[in-house]
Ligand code: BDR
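Below you will find one chain, with nothing else, as structure tokens; this is the form predicted on its own, and questions on how it binds or moves follow later.
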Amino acid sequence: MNTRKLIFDTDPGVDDAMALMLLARSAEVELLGVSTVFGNGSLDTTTRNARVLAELLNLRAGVHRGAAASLDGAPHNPPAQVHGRDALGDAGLADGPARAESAQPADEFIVETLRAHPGEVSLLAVGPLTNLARALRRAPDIAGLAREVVIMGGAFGFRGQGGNVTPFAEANIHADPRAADEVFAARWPVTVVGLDVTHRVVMDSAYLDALARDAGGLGRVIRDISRLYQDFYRGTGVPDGFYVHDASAVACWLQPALFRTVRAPLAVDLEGEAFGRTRLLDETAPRPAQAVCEAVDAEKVLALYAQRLRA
């Protein structure tokens, strides 16, 4: 099988952990590195979690510490009510054995890796986009070197979909809207997997019980770390289960035919009531057209996840 080179930029996070498990169980993935960013926890927390997951999944890839705050340095309060105090559902996983951390910071690692493999490496980012923006600022030429960029973030109003931290803004974008705006404006191919599609993919209790039964230790880990996550979503009106955010972005990268996209230049609102809102611009805007997911075959995404985890 031909492999595909990937850097995974992440803020683990219950859904980030599930996404990394999917990558680890996908034979076509050559994971070159995991870069960490603040978001679902502080940078110390998310980096520790990435190191624990790297050990659990026996990853060859190094873990590279990234940005502790947004480009503008705005304060950020991790969503403990969603992911737990340890950002992995307070289920004990975060206390497990951890892989040593790389001494190379995330933005430097991204730049050096893209330059070493021009046109071959994809970036898959499922947290705030600060590391990618810092890498672009450090070396603008990398926009011409990445094979593609796939991100989980944003909400574009398809079928009335709004944000999840404000009526307008999704959490990853809201955490660093300036970084997202710079990533969208760069001349590399971006695919955005936003709430418009991730809210169509739901893992319910029966699905999670089947994973715990059929997918061995990882299936049981998923069920355990997602209990608090389920409780949060129950309080937001999801009667059973939770939305599949980051693993949907992985699925889009693995099998893009499961998603339907539209193309347009993109921007992020950087001030005012709609701070953090992602917008489709007119085609005449002086920015590259990027791909935005507007529809998904949710059943096939869930089937892909279960099949890979059981393998």
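Treat the numbers as computed from the prediction; the structure is a model and nothing was measured. In case it trips you up, residue 1 is the first one in the sequence shown, and so on.
What follows is about the form predicted in complex with this ligand, which we do not show.
Using a 4.5 angstroms limit between non-hydrogen atoms, His245 touches this ligand in the model of the complex. Interface residue remark: Leu71 is not counted as part of the site for this ligand in the model of the complex, having no heavy atom within 4.5 Å. For Ala146, no non-hydrogen atom is located within 4.5 Å of this ligand in the model of the complex, even though that partner is not displayed. Remark: Gln230 does not count among the residues lining this ligand in the model of the complex, judged by a heavy atom distance of 4.5 Å or less.
In summary, the region of this chain contacting this ligand in the model of the complex, judged by heavy atoms within 4.5 Å and restricted to 202-210, 138-146, 99-107, 171-179, corresponds to 171-179.
Site annotation in the model of the complex: the residue of Leu114, Met152, Ile225, Leu123 reaching within 4.5 Å of this ligand with a heavy atom is Met152. Note on contacts: among Ala94, Leu195, Ala185, Leu218, the single residue with a heavy atom within 4.5 Å of this ligand in the model of the complex is Leu195. Contact annotation for 289-311: no residue has a non-hydrogen atom within 4.5 angstroms of this ligand in the model of the complex.
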